[in-house]
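Take a look at this single chain, the form predicted alone, given in structure tokens.
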């Protein structure tokens, strides 16, 4: 159970996040946690709630609100995913998501840089914060001054993995090599945006115009931690439907059931160019406090009795 001082630190972070987005004219929204249908993602397993599901992300509802005319939104909420609990994973966790119409993923990267510098400047006294331009994590100094490094997935595999990206995909060991060989090396001098994922690994992201084999998707890494996943949204309903059909086929091959989110697909026609990102708040607090386990920064870590 988190101490009173830990709760105050967590409260300060949540307030600072809200202050950043409200100061930029974002609208904070509050969407349902329990839903009859989710976005189908084969690599994410949801918790069932009778015949409905606990949300794995607020993405579905937030995009439907964007389609109704809300140009920029953010939300802080709890999400639920069936996965092993560990140093960096919990089945229930706090997510920050935000969306901005008229933007692509490059604009989101720039706003990430601004958000982190804003938080560092406002959270003096946090043990992992060394002024507005520097973090200290696991005894190493990480510079926050922009621009942060942009590294394509292909470049990262060429630099850190024993196989090329093409070989890793062909031998079905992409995730294993990403987690074991690539991720631990990222973000130790300055934060790293790992970007331009293979198209088959970016179901909800649009293809890159100058290289349709990759998607306009990035993940943010600091101190070897994956903190955020963002992309230029795919807003073509028919192409998105085809991708979802592939995801549904994979989900059913796992012995699970899922449905096509028809209302979500209908809303895409009204979305227009949009970029969105999801950021793990618990991991962010862990980084800012220089901690190495999520249980050290969440109010309850399974200790309910």
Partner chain sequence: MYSASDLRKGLKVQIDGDPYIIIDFEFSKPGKGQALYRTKMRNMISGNQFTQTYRSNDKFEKPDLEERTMQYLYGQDDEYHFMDTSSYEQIFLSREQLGDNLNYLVDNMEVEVLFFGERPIDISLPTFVNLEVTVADPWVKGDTSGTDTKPVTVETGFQLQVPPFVEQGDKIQIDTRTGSYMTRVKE
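Positions refer to the first chain, counted from 1. Note that the structure is a prediction, hence the values are computed from the model and not measured.
The form predicted together with the partner chain is left out here; the points below concern that form.
When contacts are defined as a non-hydrogen atom within 4.5 Å, none of 18, 25 and 120 contacts the partner chain in the predicted bound form. Of the listed positions (112, 204, 156, 77), a single one reaches within 4.5 angstroms of the partner chain by any non-hydrogen atom in the predicted bound form, namely 204.
When the partner chain is considered in the predicted bound form, only one residue from 83, 104, 133, 92 comes within 4.5 Å through any heavy atom, namely 83.
Picking from 170 to 178, 147 to 155, 112 to 120, 208 to 216 the stretch near the partner chain in the predicted bound form, with a 4.5 Å limit on heavy atoms, gives 170 to 178. Contact between residue 87 and the partner chain in the predicted bound form is found at the 4.5 Å heavy atom cutoff. Contact annotation: residue 265 falls outside 4.5 Å of the partner chain in the predicted bound form, judged by heavy atom distances. Mapping the unseen interface onto this chain, residue 239 falls outside it, with no heavy atom inside 4.5 Å of the partner chain in the predicted bound form. Mapping the unseen interface onto this chain, residue 183 counts among the residues with a heavy atom inside 4.5 Å of the partner chain in the predicted bound form.
Contacts between stretch 234 to 250 and the partner chain, counted in the predicted bound form as any heavy atom lying within 4.5 Å, involve no residue at all.
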